[in-house]
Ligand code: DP6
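Consider the single chain below, provided in structure tokens and representing the form predicted alone.
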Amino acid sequence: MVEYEERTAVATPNIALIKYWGRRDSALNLPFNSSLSMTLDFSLRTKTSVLFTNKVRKDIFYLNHRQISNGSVSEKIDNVRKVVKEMKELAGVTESVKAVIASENSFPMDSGIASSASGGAALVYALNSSLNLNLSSKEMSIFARKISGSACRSVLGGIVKWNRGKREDGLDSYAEEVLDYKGWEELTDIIAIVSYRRKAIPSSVGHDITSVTSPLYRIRPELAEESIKRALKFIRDRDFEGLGEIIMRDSNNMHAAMLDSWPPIIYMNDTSIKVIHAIERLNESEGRIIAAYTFDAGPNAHVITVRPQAERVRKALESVRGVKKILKVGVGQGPKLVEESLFSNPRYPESRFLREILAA
């Protein structure tokens, strides 16, 4: 017996312009510093379908059409279980009713393109609708943060600020939209894929290594807060050159603190460094900043620019040996519900599983 209507949501990654790295509370994903991001459009997306039933004995999860068991994708699955439990309790759903969840990414996981951000946001958005909770964006952001810190930003569109907060319970640590996705539509993210490999050190581990062991990290939180203030002014003024410098310097600062960790954390590879040099040469040739590189916890480069300069950036990246693929992504509007479910495709194992258990 199905207790609540099936829902499917689609959400997108975000690229942090001012980064989140280091946690004051690992269980709740509470950061030492606020962060600022740009939600990406549906060129990159995670689709998540949710259905509740009392015909299974435990919550069931599928990721990219493979069932996830205990011990696999362990850095996030426990957080997902907790959030599902909390949202069910908030909706007054009995313990006997379990969730069947399927999620599919259109881009590589664990490579610095924030699959956990889009995945967490899509799940919370779908749960909110299926459970008829009518949560505000702030409330959904808090739930998404518990799955993955950066997921709290993907609940919203446009330019988003995640407030670090001060409370121990995390109720003041949430994301808010500071500029609608139509507010600066020319902003563009040119992504240079330089590796499809899963990173050796998960972000959830790296956060804590850096904040505990890096002497350089001691100055980072307040530096990031000051950078956000300056970045917001440049965004209000649509001053890309000012914003671009801050984006690059913040990325450099975060990766310097990672390198200063012990043992050192190195996410970028040789091609990543070549991308940095290519963007430096492009800006020098122009006599001003028209493109800004930034790297999340992975080797793949995000180059932020404006639409009129996008083709020049693409050509500069194409000249870098080692770049495997280039993607052009715009500013996104945030999650949405869609009709087509992952449970409706008979080729998918999650669909076969669901048909079997509902027919039993």
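Note that this is a predicted model, so its numbers are computed, not measured. Residue indices: 1-based, along the sequence shown.
Just so you know, the form predicted together with this ligand exists too; it's not on screen, but the next bit is about it.
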Please pick, from Ser130, Ser203, Thr188, Ser141, the one residue with any non-hydrogen atom lying within 4.5 angstroms of this ligand in the predicted complex.
Ser203
Can you pick the one in Ser148, Ser272, Ser173, Ser103 that has a heavy atom within 4.5 Å of this ligand in the predicted complex?
Ser148
Within 4.5 Å of this ligand in the predicted complex by heavy atoms, the stretch out of 335-343, 18-26, 348-356, 5-13 is 18-26
Considering non-hydrogen atoms and a 4.5 Å limit, does this ligand approach Ala297 in the predicted complex?
yes
Please check if Arg81 has a heavy atom lying within 4.5 Å of any heavy atom of this ligand in the predicted complex.
no
Please check if Ile159 has a heavy atom lying within 4.5 Å of any heavy atom of this ligand in the predicted complex.
no
Since only the chain is shown here, I'm wondering whether Lys98 would be in contact with this ligand in the predicted complex (any heavy atom pair within 4.5 Å).
no
At 4.5 Å, heavy atom to heavy atom, what parts of 120-144 sit next to this ligand in the predicted complex? List them in sequence order, or say none.
none
